[in-house]
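A lone chain, given as structure tokens: the form predicted alone.
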């Protein structure tokens, strides 16, 4: 049994899961519903369709991580709890084959789920508006697939570190809260915590760029920033409002976060932070640009994968 065989067997088993089919159908209904609800008043057909996919990414930013984690949290933990791991690890299989086979199958499932959202939205838009802005559709699709892959990697990696269903559920829910919900309904602002440690405990000068950089390590925000690279002008997610020293934003160290949620509109902050009238805008540090968000997503693809595999490779599976 090889990586391919493990993946094929896992896909066959996943195909019998009502939860996965329900999630895929739910994403499809989401795409169809948005396409029908989107009226495109006072907009050209192309702009109306672009707006549709902009809104779709706003909702997927919240829902897709949960769907990806649900699709992957039992990938390995479920096999360990049921005892099926012993069959999977029978000769000539190794732990690498099992880990990568499970990962591959769950990535394919997530890809199909994203396709369930995009295909009907595209079809309804074509029939309703007769427009197909390929750059926006395929651009947001590519970024969304990477975003889904990030949470599949996190889910499978977490699953590889535990031996029970309950532990896998608990860690997945914690990951969803810390990486997504925490930034939508912040009990505390991450940047404020970092600022307090940096200025009050360490006694250093305020540096808003540093605080923002820590906040933007979230894959949720990195996804939104990466979308700015493919969204049309005027639809980008806006994060920074002022980069001037001692501005009215209450952040004395430089550029500040505005909103932080997807679809906040306004101009993109990929290369510059805007300033007050009469003041000169300053360049953002490279680690706060939209382009650097790709590096953040790559980090979340690689690091959890390595840590999850190392944990699984050294685990006692008896």
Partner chain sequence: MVSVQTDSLTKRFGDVVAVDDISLTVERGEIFGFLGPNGAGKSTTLNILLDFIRPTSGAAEVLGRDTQAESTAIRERIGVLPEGYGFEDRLTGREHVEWAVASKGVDDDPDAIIETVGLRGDEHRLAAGYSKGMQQRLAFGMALVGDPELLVLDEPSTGLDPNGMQSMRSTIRDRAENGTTVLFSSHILPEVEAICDRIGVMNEGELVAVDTIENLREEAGGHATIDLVCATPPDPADVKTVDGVADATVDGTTLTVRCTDPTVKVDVVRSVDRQVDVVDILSQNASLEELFNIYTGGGRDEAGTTGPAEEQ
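From a predicted model like this one, the values you see are computed outputs, not experimental measurements. Numbering follows the first chain given and starts at 1.
The next section is about a form of this same protein that is not shown, the form predicted together with its partner chain.
- Comparing 118-126, 77-85, 145-153, 173-181 against its partner chain in the predicted complex, the single stretch with non-hydrogen atoms within 4.5 angstroms of it is 77-85.
- The closest non-hydrogen atom of residue 92 lies within 4.5 Å of its partner chain in the predicted complex.
- If you take 13-27 and check each residue for a heavy atom within 4.5 Å of its partner chain in the predicted complex, you get 13, 16, 17, 18, in sequence order.
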